[in-house]
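Single chain ahead, by itself, as structure tokens, in the form predicted on its own.
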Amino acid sequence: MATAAAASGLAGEMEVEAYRRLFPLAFLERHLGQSIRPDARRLSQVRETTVALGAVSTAHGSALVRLGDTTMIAAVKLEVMSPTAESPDEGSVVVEFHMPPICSPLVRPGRPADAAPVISKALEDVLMSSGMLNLKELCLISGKASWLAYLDIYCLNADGSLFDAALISAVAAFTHLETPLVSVGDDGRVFTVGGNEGKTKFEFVNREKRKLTLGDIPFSLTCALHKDIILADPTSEEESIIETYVTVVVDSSDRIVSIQKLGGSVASMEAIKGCISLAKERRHQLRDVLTNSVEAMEVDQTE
């Protein structure tokens, strides 16, 4: 009897999985009709999010972020550069988002993912327009030397809401960032100096490693819209079925930084307002996650 019951249960699971693959929209709508999603989340519920600072030992600032099964690693490397004539007392930031083939079966070796440059541009726009980074803080010697910050974000696993995970990883990497010590050589060249190297040999431009003073921090939430039903933080399965998405970015003062709608039909104002409301709730959650990650790192450093 037990064997028959097990076989019947297995057959039932196989039928459900076959229905899920053959009729994905109908499968999703059956769940939405009961205000639940295929992964058992509520419609407005986001996946568990974790942030681990200092994931890359060779970077000046880094973080590993998991949003459900979506996984990102972000690293910031600083290099000394000559500032531009237009902004002699400012540094620069370059953002690159990478999707290697390991992140998704949809990414083919030798062919860059179409989404990568779009996310790169969106990240750079948000980081600059939010006011989180003060480029004057990246100045070393006005008109002569400043920091060029290379932010590289690698998607290790793509399971939906890529921009949201990439943005929190970028924010976390800059939160972890420490600027290295810098000295000026006899030839006037500015160069970085290791932390324990030549304390008396060099005259330092900056006397100690320091963290950047971050302004209003941007946080984002992507919502999928299906017949004005809002699904917060969609998975890749949901994204493959639903055509309309809205990504809302709000800062730490609850000001709207950007609203971007991708694909699909025209969304109602009520749906847009619902997405904004959920994004503001999400902002509080992500702030707590980020704060907890900083506290965890400080505890590790004191042990």
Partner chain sequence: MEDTRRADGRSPNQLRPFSCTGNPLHRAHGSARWAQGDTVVLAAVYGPKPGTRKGENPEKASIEVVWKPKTGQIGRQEKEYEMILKRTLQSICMLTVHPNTTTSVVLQVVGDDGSLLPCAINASCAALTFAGIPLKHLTVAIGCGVMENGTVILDTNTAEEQQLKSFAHLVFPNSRKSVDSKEPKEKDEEFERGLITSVTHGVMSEDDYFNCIERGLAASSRISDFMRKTLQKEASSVDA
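Computed from a prediction, not measured in an experiment: that's the story for all the values here. Numbering follows the first chain given and starts at 1.
From this point on, the text means the form predicted together with the partner chain, which you will not see here.
Although the partner is absent here, G143 lies well away from the partner chain in the predicted bound form, with no heavy atom inside 4.5 Å. For the chain shown alone, V266 is a contact residue for the partner chain in the predicted bound form, at least one non-hydrogen atom being within 4.5 angstroms.
Taking the partner from the other structure, the partner chain in the predicted bound form has a heavy atom within 4.5 Å of a heavy atom of S129. In the predicted bound form, the partner chain sits within 4.5 Å of a heavy atom belonging to D251. Annotated contacts: T58, E137 and D152 are all free of the partner chain in the predicted bound form [non-hydrogen atom within 4.5 angstroms]. With the partner omitted here, the stretch from 155-163, 226-234, 172-180, 113-121 that lies within 4.5 Å of the partner chain by heavy atoms in the predicted bound form is 113-121. Checking Q45, S35, T50, S258 for any heavy atom within 4.5 Å of the partner chain in the predicted bound form turns up a single hit: S258. Here is the short version: of I272, L64, L28, L278, the single residue with a heavy atom within 4.5 Å of the partner chain in the predicted bound form is I272. Along 67-103, residues V95, E96 each place a heavy atom within 4.5 Å of the partner chain in the predicted bound form.
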